[in-house]
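Encoded as structure tokens, the following chain is the form predicted on its own, with no partner shown.
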Amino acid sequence: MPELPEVESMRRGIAAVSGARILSAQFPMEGCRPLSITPSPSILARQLTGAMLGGIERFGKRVAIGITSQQLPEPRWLLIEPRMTGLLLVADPPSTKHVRMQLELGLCSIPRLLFWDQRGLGTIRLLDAAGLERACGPAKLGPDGLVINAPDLQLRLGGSRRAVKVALLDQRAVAGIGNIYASEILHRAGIHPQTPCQDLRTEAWQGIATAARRVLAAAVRLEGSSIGDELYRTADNRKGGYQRFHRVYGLHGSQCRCGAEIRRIVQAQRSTFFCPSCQPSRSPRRISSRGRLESRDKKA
């Protein structure tokens, strides 16, 4: 579930560990689904022990922690992808059973850094600079959702026949947007989620890009969304706050601000939530922002 706002909140929440020395590294796996760890846990534990934690960056839905050590010929990056239920924590975890990485640190204020993952779908990789480029560079990830602009978005998706909601989940087009925020973004832009990308006019892409930046920035300020079973937690084990401001996600059957009933459909095996009044379905003519129609023979 963690998307850009949740992962950015994790990054900010663990920022204080930068500069700390790793006293020991453990990768508990007993009784849990094995996590994808590269290199193997035993090798990685040896390489991390005694190393220093450097800068902490975010690439889309991934956190990269700089690693320097006399054991390593050059600086490395510890790349962590939380995926469905992963959490980076500097506080006690929701349970001890699903702790997948525990780094004991030489810090009095923050004695340890944890990666907790109930479902075990996350990944941990130690990469050199070239490996990080392959995993998170422009060939893999598009512009970040916090800074995406309309020309980039239209260039990357404007010719696609895919439904716009599905296309926004393509990390090569725009990095960080997932199922929750795609629904919220399209509601604010007034765009029906099933609209083919190629039917959207320039004005519509401007509306989507603006909504993306605003929604994601607001969600970051409120440290993400804790929904459903509320497994998502900040680095100090608190619930996020943006779920209180969701307009459509998870609210099917409820009343939209306009008074219409919020609906749920399934796209690419994922739930999509929208308001049929605020986000009218318009096809096959070209669509501008807020659902206004333009004929195909008019210039964009």
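What you see is a predicted model; the values in this text were computed from it and never measured. Residue indices: 1-based, along the sequence shown.
What comes next is about the form predicted together with the DNA, which does not appear here.
| query | Does Pro2 make contact with the DNA in the model of the complex, using a 4.5 Å heavy atom cut-off? | reply | Pro2 belongs to the contact set for the DNA.
| query | Is Arg221 a contact residue for the DNA in the model of the complex, using a 4.5 Å heavy atom cut-off? | reply | No.
| message | Taking the DNA as it sits in the model of the complex, is Arg213 near enough to touch it, meaning that at least one heavy atom pair lies within 4.5 angstroms? | response | The answer is no: Arg213 has no heavy atom within 4.5 Å of the DNA.
| field | Partner proximity in the model of the complex: Ile227 to the DNA, non-hydrogen atom cutoff 4.5 Å | value | Output for Ile227 is yes: heavy atoms within 4.5 Å of the DNA.
| query | Do heavy atoms from each of Gln154, Arg201 and Arg263 fall within 4.5 Å of the DNA in the model of the complex? | reply | Contact check failed for every one of Gln154, Arg201 and Arg263.
| So which of Gly178, Gly142, Pro193, Gly190 reaches within 4.5 angstroms of the DNA in the model of the complex, heavy atom to heavy atom? | Selected residue: Gly178.
| message | Looking at 104-112, 213-221, 158-166, 67-75, which stretch has residues with any non-hydrogen atom within 4.5 Å of the DNA in the model of the complex? | response | In the other structure, the partner sits against 158-166.
| field | Stretch 115-147 - residues with a heavy atom within 4.5 Å of the DNA in the model of the complex | value | Sequence-ordered list: Gln118, Arg119, Leu121.
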